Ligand code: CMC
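Before any questions on binding or motion, here is one chain by itself as structure tokens, the form predicted alone.
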């Protein structure tokens, strides 16, 4: 066997040939390695899945060393420049770019499913005035499963399609209503004469005007941001969607789990941390002291480095360009000058270069979101809207993968064993 790993167990002297496929071995193949027939076989211990593949996927390809990100084989740079978010959503879910007829039908379906049941409005109005919009989005997404009980029939491709359409269509409505709720403003219904991002901006910012007309540069910038966030391989929230989806639950519940994972500050909240860092630095003059503090371990450099990328995050380059269009409309965020100078120093300083700490997608995205006048608590909601097609593509791939089983990782038990129960009368005497 040429593509195999030979393992010698020094406990027993036995040798095992384990097949290698696509640069991996099956963890289950290690189970044959044991000290006796009545003993458990060998298992792997991998907190955080730092070197464990949980699935085979054809949705997204990442080469972290070279800074490459591709959706279904198409470079993110080409998609961001030439495509629209809904076209990318179709690509992710169905594996190919749509024909004109397919695209027109897809856009039509999503446009006319943007409305939600009126009871959803009542549900959202029940939240406290200061409820976090991400918590509202998570709860209302999960609640959609009660409005569409047929969504549990995940074996039916036509049924899956309509639930996917509904979720992509309704996510901006739910996100915008969560935003308006926090401001005490009336909820704005979708305007089906507008495109996807224009409609979202209308539901966010419309007041008394007959029709909200978004600046096309802002609408396009937001569309690009949604594209950049649409999928990113097996990250924490995608893993959550797949893990919950492996129980064969409806897609609303699975995506609700993904939103919950994205809510965490280590995942979706990083761009807010970048803004806090830039404000704390205050001016370009304070950057040398801040850099020294990072090297001494007294400061944290937010927005640099990535679990996957050991090169410049390709999404960060695109967002950097999008900043110009947005700031042309809104005026330049004063924090931009600090960010650009910080990036320049970090990319030249040997300390950061040696550690491959390059800017990631969060470094500039927060500046754009702030320019739109979004409060920091809305940043993750925007992330979730963009990520929804990727979650659904991964969920659909999971449903059709015969190798997949219900998620049930092993554990290494470290507690007590064989204790004798002491009755209350003796313990409390």
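Residue numbers count along the first chain shown, from 1. From a predicted model like this one, the values you see are computed outputs, not experimental measurements.
FYI, the form predicted in complex with the ligand isn't displayed, but the following is about it.
Next on the checklist: What I'd like checked is whether 294, 301 and 362 together line the ligand in the predicted complex, meaning each has a non-hydrogen atom within 4.5 Å of it.
Outcome noted: Every residue of the candidate spot has a heavy atom within 4.5 Å of the ligand in the predicted complex.
Checklist entry - Heavy atoms within 4.5 Å of the ligand in the predicted complex: which of the stretches 354-362, 109-117, 336-344, 138-146 has them? => result Contact-bearing stretch, as computed: 354-362.
Next on the checklist: Just to confirm, with a 4.5 Å cut-off on non-hydrogen atoms, which of 128, 276, 211, 307 contacts the ligand in the predicted complex?
Outcome noted: Here the answer is residue option 307.
Next on the checklist: Counting any non-hydrogen atom inside 4.5 Å, which residue from 267, 180, 217, 132 sits next to the ligand in the predicted complex?
Outcome noted: For this set of options, the contacting one is 267.
Next on the checklist: Is residue 232 near the ligand? Define near as a heavy atom within 4.5 Å, in the predicted complex.
Outcome noted: Contact with the ligand, yes.
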